[in-house]
Ligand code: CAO
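Before any questions on how it binds or moves, here is one chain, the form predicted on its own, in C-alpha cells.
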Amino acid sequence: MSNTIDIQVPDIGDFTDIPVIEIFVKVGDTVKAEDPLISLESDKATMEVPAPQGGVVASIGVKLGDKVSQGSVIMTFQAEGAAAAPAEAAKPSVTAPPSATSAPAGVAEVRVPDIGDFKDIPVIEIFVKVGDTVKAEQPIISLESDKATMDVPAPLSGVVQSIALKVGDKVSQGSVVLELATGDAPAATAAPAPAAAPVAAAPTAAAASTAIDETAFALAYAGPAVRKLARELSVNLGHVKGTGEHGRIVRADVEAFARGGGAAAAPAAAKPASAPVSGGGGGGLDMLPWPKVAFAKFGPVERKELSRIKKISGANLHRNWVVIPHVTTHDEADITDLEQFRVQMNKELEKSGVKISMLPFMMKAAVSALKKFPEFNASLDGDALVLKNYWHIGFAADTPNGLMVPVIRDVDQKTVPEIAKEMGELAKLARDGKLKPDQMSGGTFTISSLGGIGGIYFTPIINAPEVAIMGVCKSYWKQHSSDGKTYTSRLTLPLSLSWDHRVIDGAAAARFNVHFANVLADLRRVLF
C-alpha cells in the first residue's frame, strides 16, 4: 500500500517569497528523513529544507528561481507502507559509516543542526545523561555565543547511549553531540551510500593536498550542506569553481573537485577580508587591496581581536552602507514639556520599579509618524514596496561586545511603562549576551539613541531591510524666540533621520521629521 504526501516548506520565521537556489533531488530518488531537499536564500540567510520523513520523490513542484514561503508545496513523496508502519518514516539515517566495532542497528548520531554563521560555540549546559530517555524536540544541550543562547533539541526520540562532549567544549554545525538508540533501523541506513564511500574513504590527492583555509572557506558561495560535505572531503571551497546559478558551489562541484576532475578557481583567500559584499541588487564593487602596514616599527602596539558581534555587525553595516543610498535629514524637537511629564511619571511609578527614559516616548512618536507616512514602515522587495501593517521598533543597545538591536513588538498596542519595562529586560539580555535571534528580528523601524553620551547630530546607518532609521543625540538647552525680541530657554532634542533614497524623497523625509518633532513637543498629537 502506498500514499502520496505533499512536502511543504516548514516554518522559516518571518521570511516570505524566498527564491529556490538549489534542488538536491530528482524524481525517483529515495530520500531519508532530514535529507536536504532544496536550498533557499534570502537577503539575510541561506537555509535548506529537509525531508520530514523518508520516501520516494514522486514529483517536484518548484524549479530554480521560484519563490516560496511557509506552506508552499515543493514536491510529493510516495511513502511506502505509510499506514502500516508509520514509525519507519521517523527512523533516522545514520550520518556516518559504522565504526570498526560495528555500531548496533538503530543507533543514530545526533549532530548540531544549522546554527547560521556561528561556529566554535561553547557548550554551557548538558541536559541529559547516558541512559536517559528523551523525546523528539526535547533540549539536550545549550550553546552560548557572543550574540545568543540556543538550545539543541533531539531530532527524534530514543535512549541516550553515549555523550560525545562536555561542558566547555566548542561545537559547530555537524559536530556530534550524542548517540541515541532508536530501535531497529532499516538495513539500508546502516551503511554509507555506495557512491559516497569511495570518495570519503579515499579522497584523491587534489582533495587531500588542499588544506582548509578558513577565510577562503567562509567567503565561498555555498550552502550549509555543501560546506559540510567539503569539510568531510577536506576540500577547500575557496579553490572550487561553482557551476550553480550565479557561480554558486553545488554538491557536484565539490565531488568533482575531490575526484580531481573539478576546475580550480582563483583562491578566495587572495581577496581582502574587507572587500565589500554585494546584495539587494547593488552589485559588487572592485576595491584596491587593504593596505598592509607594519605598525610596530612606528611604536608599541597591542593586538585585540574583534568580538564575534563586531565581525557580524561590521559585515552587515558595510553591506547596508554600500548598497543603500543613504541621505540624512536633521531637525530639532522641543521636549521641555515632555521632559517635565517624564520626571513626574517616574515619581509616580517609583514603587513599581519601572524607570522611563525618553526612548519609549520616541517609540510612540515613531509609530504616529510611521502611520502617517507608511512608506517609512516598508521594505523593498525587488521592484515592489512591501508596506507593513504592524509596528515593531528596534532600539540600538550598546553592550560590552558591540552594538545590538533588540526589537519591541507591537509598540502601538503597548503603554509607555510597558515599553520601558520590556526595553530594560531586553537591554539586560543584550549586555549578558543572551538575546535570542527572534528578539532581534522583525523590526520595521529603528531608533539609535546617543542621548546618554553626547553629540549633536550624526548619520545612523539604515538597518536593512528597513528603509529608515532615527538617530537622536543628547538634549540641550537652547534659546528660542517666536518674534525675535523675547527669548526663552527650551530643552531641545537633535534628530537625525537617515532614509533610503530609492524609496523616500527629501520632502517626505522633512515632513516625517517635523511630525516626529511635533508629537514629542505635544504627546497629545498621538491621538490624531
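Don't overthink the numbering: it's just position in the shown sequence, from 1. The model shown is predicted, which means the values in this text are computed figures rather than measured ones.
The form predicted in complex with the named molecule exists for this protein as well; it is not shown, and the discussion that follows is about that form.
- The named molecule in the model of the complex is approached by Phe395, whose closest heavy atom lies within 4.5 angstroms of it.
- Put simply, Arg342 is close to the named molecule in the model of the complex: some heavy atom of it is within 4.5 Å.
- Although the partner is absent here, Asn236 is not a contact residue: none of its heavy atoms lies within 4.5 angstroms of the named molecule in the model of the complex.
- Although the partner is absent here, Arg431 is a contact residue: one of its heavy atoms lies within 4.5 angstroms of the named molecule in the model of the complex.
- Leu493 is the sole member of Val68, Met47, Leu493, Leu37 with a non-hydrogen atom within 4.5 Å of the named molecule in the model of the complex.
- For the candidate set Ser357, Asn401, Ser172, Ser142, a heavy atom within 4.5 Å of the named molecule in the model of the complex is found for exactly one residue, namely Ser357.
- Of the candidate stretches 319 to 327, 432 to 440, 129 to 137, 445 to 453, only 445 to 453 contains residues with a heavy atom within 4.5 Å of the named molecule in the model of the complex.
- Residues of 400 to 429 placing a heavy atom within 4.5 Å of the named molecule in the model of the complex, in sequence order: Leu403, Met423, Ala427.
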